[in-house]
Structure formats: structure tokens, C-alpha cells
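This document starts with one chain, in the form predicted on its own, laid out as C-alpha cells.
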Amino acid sequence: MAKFLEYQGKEYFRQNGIPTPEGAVANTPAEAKAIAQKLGKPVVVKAQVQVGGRGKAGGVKLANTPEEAEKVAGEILGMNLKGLLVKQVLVEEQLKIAQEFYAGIIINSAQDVRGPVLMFSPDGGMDIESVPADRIATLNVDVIKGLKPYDTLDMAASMGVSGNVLRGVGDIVFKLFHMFQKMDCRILEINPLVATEDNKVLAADCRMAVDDQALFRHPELGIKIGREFLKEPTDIDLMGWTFEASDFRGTSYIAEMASPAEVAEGGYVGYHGIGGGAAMLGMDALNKVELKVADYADTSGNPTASKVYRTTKLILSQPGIEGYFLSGFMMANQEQWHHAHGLVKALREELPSKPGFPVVLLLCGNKEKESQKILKEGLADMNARVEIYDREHVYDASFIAGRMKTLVDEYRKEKSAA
């Protein structure tokens, strides 16, 4: 899922009529001070990373003056929260909170639901998983009939919300659902949704994720990679995503796993899996023979030959890798000749410029006989270090990884002797 930081989600809240606290995002302590000065009131400074539990980890701090805002922003920026570097902080007005609620929508793909589920609880400010079931109102929304304003009013009232804030709560929950639909979200939450001492109702936080497969409808979101991606994408990551975004036939997932500097130290191979579980098996086998993967790639789900070709070309483009490993540790029910055609074209284009470069291919499953023939005949006239295996070794990961290690060692000796 394409996930958004809190400040980004709140901007979409405001565009959809959902009120939020006043504030802005800062990249430096000086910017945080300037925002606090402009607000002219005590502020809260919040780390902008896609993890929960920021407050407990020291990523949320209060400041009563602009100088304090500058100080605490300096403490938060550069922090490492659950493996993520804090590069931005959200500086917002402090709220005088009278009540905290939870409101959220998720997609429930269970057979008896298959649609959006709206949830509301009077116990906001804590993980919804920790709230007792009798303190959560849920509604499976019929996407044909839609949601009516009285539905959200009834939901809030059923959980004890009353008085001056009831209409405000019901209105925001109603708008939340329509934003969820309009933006093709998979998750959209406000936790907490707060009522202030002067009876204002505001979204004090935001968790937002959009369906990967709907991103083509939302160019305005400016998403670089339409899947869960917590690090800054590299050129290889971005190029790999274009294969997914432009062609939905099968999977061609690619992510860079090591920096060019790490790969240059040696011991890395280009990695190409078929199926997630099989790919994990192959990676584990390589680690056991002291080889590491420069990338994680997966082409499965009956991809076209063109997707396999582009994925293979991208894997081979990584400078410093000492081999290419196709990890087909599965009896795939997809027609493997698509893989074979894509592989032959890519290897015939790339291997002539990489003399002695080791390649190990394990490919089996549906149309295996035809696929093996395509690979062997297509690469037969090449003076290249290529080994091709079929179902005979599909359960023998240690043997295949051992062959990869042997070929890499031979390649290293040739390079050092040259």
C-alpha cells in the first residue's frame, strides 16, 4: 500500500472538509521556531515517520514558546525511530482536549464482507486492537447503497457520544468515509479524533494508505512507488516500479537490498526469485554459502516475457555483482516458457559484455519441458558460464546455492588473474 505521513494525510483531510489543528511541517529547527511564532500559541512537535508509538519513543514533544519548539525540533530531527530516520516534524497548536475518539475504515476481504468496514470507538488515543470489542461500533458499508449522515450519527450515539459534539463527530466520520472512497484508500484512520473544551471536533492524527492498484487514477498524489516502501527509493527501485505500474499482468517486484558501496566489497549476486516463499528459500541457501543478494526480485503470477526480460536486464545492470541467480524453487503452475523467452533475450544481450560472468538458472513447473528447451537452445552458442537446472533439483537448495558459490569463486579467480 502507498502510505502517507501524518502531515500529508491531514492536507487531504482539509481538502475534504475535515478540520485539523493549525500547523505546518518543518525540515529544520529554525523552521519549527518560525511556525510556532506564526501560530502564537503553545505547540506540539511530532516526528513524521510511518510508525506507531512515536510519543513513547520520544518523537512527540510539547513546547510553550517558539524557542522551546526550536529546541525540541532539534532533538527529534535526526532521531532513529524503529529504523526510520526523522527528516521532518509537524508543528501544530496544542489542543485543550475534553474527549478522544477513534474513527477508521479498512477493507475487509473476508468472503462474508468483501468491502469497507467503518469503525468508531469512544476510546481514542490507543491502538484499536487494544480496545475491548464492546467499545467499538462497526458497520459493513454496502458500497451500492452507500453511507448516509444518519448512519454515522447513530454509530457515534450508540457509543455514548452526546451533546454539542455529537453532530461534529458524526459529520467528520461521514466525510472520512467519503474521502476513503474517493481516494481509493485501503486504510484511513483518525486516532485520536478529539473534542476540545470549547466543543470543537478535530482530527488530531491521521493514518492513510491508498490501494497500489488504484494509483493510476491519482497522479495528483505524486507517489513514486505504489507499494509499502519505508526507505528513500533508489534509481533501481524507481525503475523496477515502472514495470509494475505499466503492466498488471503478473508480478515484477524489484527492490535494491544493498548500496553500490556494499556491493563493491564483493560477495553479492543479482537475485531473481519466482514466488515469495521460493525466493526466501533461495536467499537462505545463498546466505549459507556466504553469498549475499544485491536485490530482491520476484516475477510470478504468470508474467509476460517482456516483464521477465526487463526485470532480468535491471538485475544485471547492478555494478559489482558477481553472478546472477534465478531461484525457481517451486513447481509453478504458470507457463514457464514466458520466463524462458525473457531470460534468453536478456542474457544474450548482457553476457557478451560480462565475460565469465556466472549464471545459475533453476526453472521448472508448467511447460517445463518446452521452457528448458528454449533456455538450452537459446543460450547454447554462447561462450558463457551458465548452468541450467530443472525439477530434479527443485528441493535441493543447498546444491544449487553451492553451484552458484563455485561459479562465483571461479569468476573471482579469473578476474584477479587478468
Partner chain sequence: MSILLDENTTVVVQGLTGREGSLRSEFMKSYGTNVVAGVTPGRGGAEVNGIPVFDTVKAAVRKVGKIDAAVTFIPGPALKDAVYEAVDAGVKFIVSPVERIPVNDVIAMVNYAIKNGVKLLGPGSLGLITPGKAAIGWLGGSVDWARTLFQPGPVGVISRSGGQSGTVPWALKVAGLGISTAMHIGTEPVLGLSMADVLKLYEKDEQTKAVAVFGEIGGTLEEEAAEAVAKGEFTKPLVVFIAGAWAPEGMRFSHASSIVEKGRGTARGKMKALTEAGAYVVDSPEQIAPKIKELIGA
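Model, not experiment: these values are computed from the prediction. For the two forms, the rigid core is made up of the largest set of C-alpha atoms that agree within 1.5 Å on superposition. Positions refer to the first chain, counted from 1.
This next part talks about the form predicted together with the partner chain, which is not shown.
Enquirer: Among 245-253, 259-267, 165-173, 343-351, which stretch sits within 4.5 Å of the partner chain in the predicted bound form, heavy atoms only?
Expert: Heavy atoms within 4.5 Å of the partner chain in the predicted bound form occur in 245-253.
Enquirer: Can you pick the one in 95, 106, 84, 238 that has a heavy atom within 4.5 Å of the partner chain in the predicted bound form?
Expert: That would be 106.
Enquirer: Would you mind picking the one in 75, 154, 335, 100 that has a heavy atom within 4.5 Å of the partner chain in the predicted bound form?
Expert: None of the others qualify; the residue that does is 335.
Enquirer: Give a yes/no on whether residue 313 approaches the partner chain to within 4.5 Å in the predicted bound form, heavy atoms considered.
Expert: Contact check for residue 313: no, nothing within 4.5 Å of the partner chain in the predicted bound form.
Enquirer: At the 4.5 Å heavy atom threshold, is residue 366 in contact with the partner chain in the predicted bound form?
Expert: It does: once the partner chain is placed as it appears in the predicted bound form, residue 366 has a heavy atom within 4.5 Å of it.
Enquirer: So in the predicted bound form, is the partner chain close enough to residue 317 to count as touching (4.5 Å, heavy atoms)?
Expert: Residue 317: no, not in contact with the partner chain in the predicted bound form.
Enquirer: Can you tell me if residue 216 lies within 4.5 angstroms of the partner chain in the predicted bound form, counting non-hydrogen atoms only?
Expert: Output for residue 216 is yes: heavy atoms within 4.5 Å of the partner chain.
Enquirer: Identify whether the partner chain in the predicted bound form is within 4.5 Å of every residue in the set 56, 272 and 292, based on non-hydrogen atoms.
Expert: Negative, none of the three is within 4.5 Å.
Enquirer: Which of the residues spanning 41-67 lie within 4.5 Å of the partner chain in the predicted bound form, based on heavy atoms?
Expert: None of them.
Enquirer: Tell me whether residue 333 is among the residues that move between this form and the one not shown (Cα shift of 2 angstroms or more, core superposed).
Expert: True for residue 333: a C-alpha shift of 2 Å or more.
Enquirer: Verify the C-alpha shift of residue 140 between this form and the one not shown: is it 2 Å or more after superposing the core?
Expert: Stays below the 2 Å threshold, so no.
Enquirer: With both forms fit on the core, has residue 363 moved 2 Å or more by CA between this form and the one not shown?
Expert: Residue 363: C-alpha displaced by 2 Å or more between this form and the one not shown.
Enquirer: Quick one: in the predicted bound form, is the Cα gap between residue 187 and residue 257 smaller or bigger than here? Answer closer or farther; it shifts by 3 Å or more.
Expert: Here the pair is farther apart than in the predicted bound form; there, closer.
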